[in-house]
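Below you'll find only one chain, the form predicted on its own, shown as structure tokens.
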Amino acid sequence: MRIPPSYVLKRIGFLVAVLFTAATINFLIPKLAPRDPVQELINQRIASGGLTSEGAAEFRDSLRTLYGLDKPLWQQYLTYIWNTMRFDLGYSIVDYPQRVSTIIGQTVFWTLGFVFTSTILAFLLGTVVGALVGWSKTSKWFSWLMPPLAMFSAIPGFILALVLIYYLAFKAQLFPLRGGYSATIDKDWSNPQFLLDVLHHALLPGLSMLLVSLGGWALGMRSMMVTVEGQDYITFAEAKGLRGSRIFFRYALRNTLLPQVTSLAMQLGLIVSGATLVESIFSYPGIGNRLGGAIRALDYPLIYGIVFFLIVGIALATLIVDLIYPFLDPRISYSGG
């Protein structure tokens, strides 16, 4: 299936426009907060004894100059856009002199590890289970799966995380209560014991994300399967005497996957933001938890960097899905008539 270059260029131009608009909104929203992150940082340093009141004024001026907060808002905006275009995310205010890109690189893999895995597993399991429940020729026992799946889909992820922590971590003591790995183990990714400990810590947060997402995928797939089953091509395939498994996979399931794949792309773009509360509850060292800390501290550069990272992820996921639509469904064509 050939995609015209003009369409690809048009979509890339639209992608750039979306990134520019989203980056502008990303810059303006934190500025609406009445708090001053520099002054709050100075107050914390004075309270902890790390800074005297005499040197506070000089330290405040140096921080404002370093982060460009002493300039007018329009100059701050132009500097922000220019640095964002060059992917120069600057330094964190709270964790200076760490660069924002370094913080994102250190935390994003923790999030991608359990959230990406749980999202893919929920998509695969939910799609298959929902299709089997919606297909009238499968066993009626599958219909018993829908009430618990519907219940889990209605529960917010952070509420389910609290329930799992209480019963599986606190009462049964099967999983650790918090953190990404045990403090008694050296952080060495080449050590199999450390990898098993990381997996043990990630299972409970991943399970909470999996159970919440699984019900939504199954309910959506079930509704689409019910509408597809009565189509003419399904009836024609049955009249030809094709096997039931082939009709299910090649005719019914394949024609209902397009909306699911679109939703999956959006979910993959939003995996970081969706895990923020779950990571905060488990004190998991992921990028979502770090974003929550940056918002609480009003760390402008870190907020800008992480949110822009999310924006790029969502925009790229949408672009990729848009371009692979013709390969998923041959009826879709981007060429001229």
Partner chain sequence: MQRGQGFRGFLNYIRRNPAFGGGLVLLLLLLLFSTVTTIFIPKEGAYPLAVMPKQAPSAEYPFGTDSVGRDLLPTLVYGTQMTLSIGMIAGVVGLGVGTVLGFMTGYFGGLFDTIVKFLVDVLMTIPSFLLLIIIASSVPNPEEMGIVRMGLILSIVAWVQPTRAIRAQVMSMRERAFVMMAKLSGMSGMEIIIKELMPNLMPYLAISLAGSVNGGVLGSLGLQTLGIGNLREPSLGMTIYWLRYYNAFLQGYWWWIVEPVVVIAAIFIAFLLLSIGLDEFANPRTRRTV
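Numbering follows the first chain given and starts at 1. These numbers come from a predicted model, not from an experiment. C-alpha atoms forming the largest set that superposes within 1.5 Å between two forms make up the rigid core.
Beyond the structure shown, there is the form predicted in complex with its partner chain, which is absent from this document and is the topic of what follows.
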Residue among L121, L174, L145, L177 with a heavy atom within 4.5 Å of its partner chain in the predicted complex: L177
Answer option from L125, L196, L168, L162, heavy atom within 4.5 Å of its partner chain in the predicted complex: L162
Contact test in the predicted complex: N43 vs its partner chain, heavy atoms, 4.5 Å: no
Close approach of A315 to its partner chain in the predicted complex, 4.5 Å, heavy atom: yes
4.5 Å heavy atom contact, A150 and its partner chain in the predicted complex: yes
P259, heavy atom within 4.5 angstroms of its partner chain in the predicted complex: no
Stretch in contact in the predicted complex with its partner chain, which is absent here, among 177-185, 125-133, 107-115, 196-204 (heavy atoms within 4.5 Å): 177-185
Its partner chain in the predicted complex - contacting residues of 298-322, heavy atom within 4.5 Å: Y300, I303, Y304, V307, L310, I311, I314, A315
N26 C-alpha moves between this form and the one not shown by 2 Å or more, core aligned: yes
